[in-house]
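Just the one chain here, the form predicted on its own, laid out as structure tokens.
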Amino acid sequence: MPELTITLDRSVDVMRAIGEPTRARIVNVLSEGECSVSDLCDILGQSQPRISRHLRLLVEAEVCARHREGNYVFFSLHRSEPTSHGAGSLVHLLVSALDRDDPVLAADLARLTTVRERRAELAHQHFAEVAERWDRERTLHTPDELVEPAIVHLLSPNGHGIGDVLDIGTGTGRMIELLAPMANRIVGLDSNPSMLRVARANLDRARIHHAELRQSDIFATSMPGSAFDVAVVHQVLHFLDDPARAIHAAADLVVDGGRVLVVDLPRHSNEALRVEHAHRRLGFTSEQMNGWFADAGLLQIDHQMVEPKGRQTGLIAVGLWIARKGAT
């Protein structure tokens, strides 16, 4: 298990950080998914200053990672990455040894369920306000039940894992739900904190707790470059003034040999999408996409059109364009 390679000093730092009852409880809760400070206060029944002090020690020891989302700060366990110096693997090993039937730990996880139910209710209230517009837009193009299998097959025709995945403009988190079973690590970016609340509730409901959500603009992301095997840009480009710049940003975030998948509408003439749904672009041609890929150091390796079927004729098709970084 090479990811467990860790120096003596680092292992002592990690175990010392976790080796206190409140911090051990925090780590156990975070093993089920990220939480805000207020979430942890509710779950552990302790004050915000006390929880914040423990979190600061866990972050300093690189047991936890923190990120800001609007007015909230969320915490998660470090993954097994080079930046964690092996700490992530050791933390997960220690957590896996905890007795989940311990009354204190079991009560914490029960309260975590309550917190997630509250998140889901808040997300439901927000999404109810936009659901009609959202659903109306989706009725104008090939339905998801045809598009999503094509996405999965294009990324993994043999059913193999696809490595570390970045979902750019994650929205409700649907691409994370779809691809999480094939991904080693999966991160969703979105600039809208309200949509991230919806995504978080959806992932909680789907019991996907290893995904990471980040509030970030694709053009000003804090994600490290060349960190992902796959970047997905799903139904995002048509909202942007500068799609080419977004493809450049996606290319910068994948490793050499990594892939960028764009899912969007081909060129069409339905002005309702521009007027009623804020689309900046009425789809894209393959020539445009090829040119943007080439400018970003990507080579298109496949392109598919998912056409509506049967009574669905008259809807706009959905295009899938996939390119590889550094390919020749």
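The structure presented is a predicted model; accordingly, all values stated were derived computationally and were not measured. The numbering used is simple: start at 1 and walk along the sequence shown.
Same protein, other form: the form predicted together with a small molecule, not shown, and the subject of what follows.
Look at 198-206, 211-219, 88-96, 101-109: in the model of the complex, residues with non-hydrogen atoms within 4.5 angstroms of the small molecule sit in 211-219. The small molecule in the model of the complex is approached by Q235, whose closest heavy atom lies within 4.5 angstroms of it.
In the model of the complex, none of the heavy atoms of L178 sits within 4.5 Å of a heavy atom of the small molecule. L189 belongs to the set of residues with a heavy atom inside 4.5 Å of the small molecule in the model of the complex. Contact annotation for R138: at least one heavy atom lies within 4.5 Å of the small molecule in the model of the complex. Between the options M182, M223, L240, V147, the residue in contact with the small molecule in the model of the complex by a heavy atom within 4.5 angstroms is L240.
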